[in-house]
Ligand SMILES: NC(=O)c1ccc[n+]([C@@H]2O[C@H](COP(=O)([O-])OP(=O)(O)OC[C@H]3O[C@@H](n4cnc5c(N)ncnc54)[C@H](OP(=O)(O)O)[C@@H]3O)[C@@H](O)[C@H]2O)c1
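Shown next as structure tokens: one chain only, the form predicted on its own.
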Amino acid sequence: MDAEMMRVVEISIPGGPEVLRFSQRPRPKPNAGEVLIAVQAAGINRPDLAQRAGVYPPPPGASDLPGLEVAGHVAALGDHVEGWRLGDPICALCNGGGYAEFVTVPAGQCLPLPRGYSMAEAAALPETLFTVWGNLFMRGRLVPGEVVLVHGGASGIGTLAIQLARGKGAHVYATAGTAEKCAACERIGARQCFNYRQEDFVSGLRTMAPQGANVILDMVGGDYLPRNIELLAEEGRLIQIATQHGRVGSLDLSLLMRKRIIVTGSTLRPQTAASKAAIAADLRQRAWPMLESGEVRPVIQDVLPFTAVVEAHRRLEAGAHVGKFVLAVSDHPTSQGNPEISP
């Protein structure tokens, strides 16, 4: 391959995992304020699946390639970038383009690898960690001693949210869809995880915390909205970060007013570089010590070779996993994978 070219995974047309294909593109060059990263590992997230399906287009100016988080080494620096040197190990929240051998990222969205972390572990952090931290702590203002319910507790976001909330002194509960997933949530710090296929999480949590939840982190939406409002304590906060059951739900406004509930939420990708940099700065100061101490660790279901990206998307879509899937973009001798598409 030409030294100025790189391998990438493109979305050939909107559709299922099979529409992903390998291609070659010129290596990007960092603009002022950007870092060029030689990617060794890339995290896979549900927004990648939504973009591939054609329902989550990248914002203006972002790469059309999927991939929102990477880890690797600094390969080049744009003008006016300080604090990084060539060769530094780095992880970053991308605006897109992570499924590639090189990607440019605004410097404010880059963070050092936590001490003791592999590239795969670090690549599983940024998109999930920015989402959890920006919503649960910065937007939701979760404080020690409060009760928090994490829906989708066995997901990449859920597993980090449980650990971070527990580490900050909250009483953490979760929901998941199987006994095995519930057990995994409890192993990493949930006081109890409710199997939503078999029990009502509203009555279940109220037996543990009669006043209800102070904060609910929800990625489900739809029919969960009225149940979340019912479960929230006075002055409770509902934080919406996805809508897997739909964007519309019924809301009892009188109950919201009586309890003085705040309903908020956010999506990460459309936020400004300044907003993402503010989250990164807060993470480095307040969350990185928890990561480096081992108090919080990303849960990784599997690390697959770059050539198995189709398989990785299929497995994430199937939903039988706990935690994250990661692509090893560089050579990964410990994983054989299933090369369903040829590089």
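Nothing here was measured: the structure is a model prediction, and the numbers come from that model. Start at 1 and count along the sequence shown; that's the residue number.
Same protein, other form: the form predicted in complex with the named molecule, not shown, and the subject of what follows.
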Legend entry - 4.5 angstroms heavy atom contact with the named molecule in the model of the complex for A184: no
Inset, instruction - Using a 4.5 Å heavy atom cut-off, state whether S266 contacts the named molecule in the model of the complex. - result: yes
Legend entry - G189 within 4.5 Å of the named molecule in the model of the complex, heavy atoms: no
Inset, instruction - Give a yes or no for A124: in the model of the complex, does one of its heavy atoms lie within 4.5 Å of a heavy atom belonging to the named molecule? - result: no
Inset, instruction - Name the stretch, out of 78 to 86, 161 to 169, 215 to 223, 256 to 264, where some heavy atom lies within 4.5 Å of the named molecule in the model of the complex. - result: 215 to 223
Inset, instruction - Check each of I157, A100, V147, L238 and return the one that places a heavy atom within 4.5 angstroms of the named molecule in the model of the complex. - result: I157
Inset, instruction - May I ask you to list the residues of 40 to 57 that have any heavy atom within 4.5 angstroms of the named molecule in the model of the complex, in sequence order? - result: N45, R46, P47
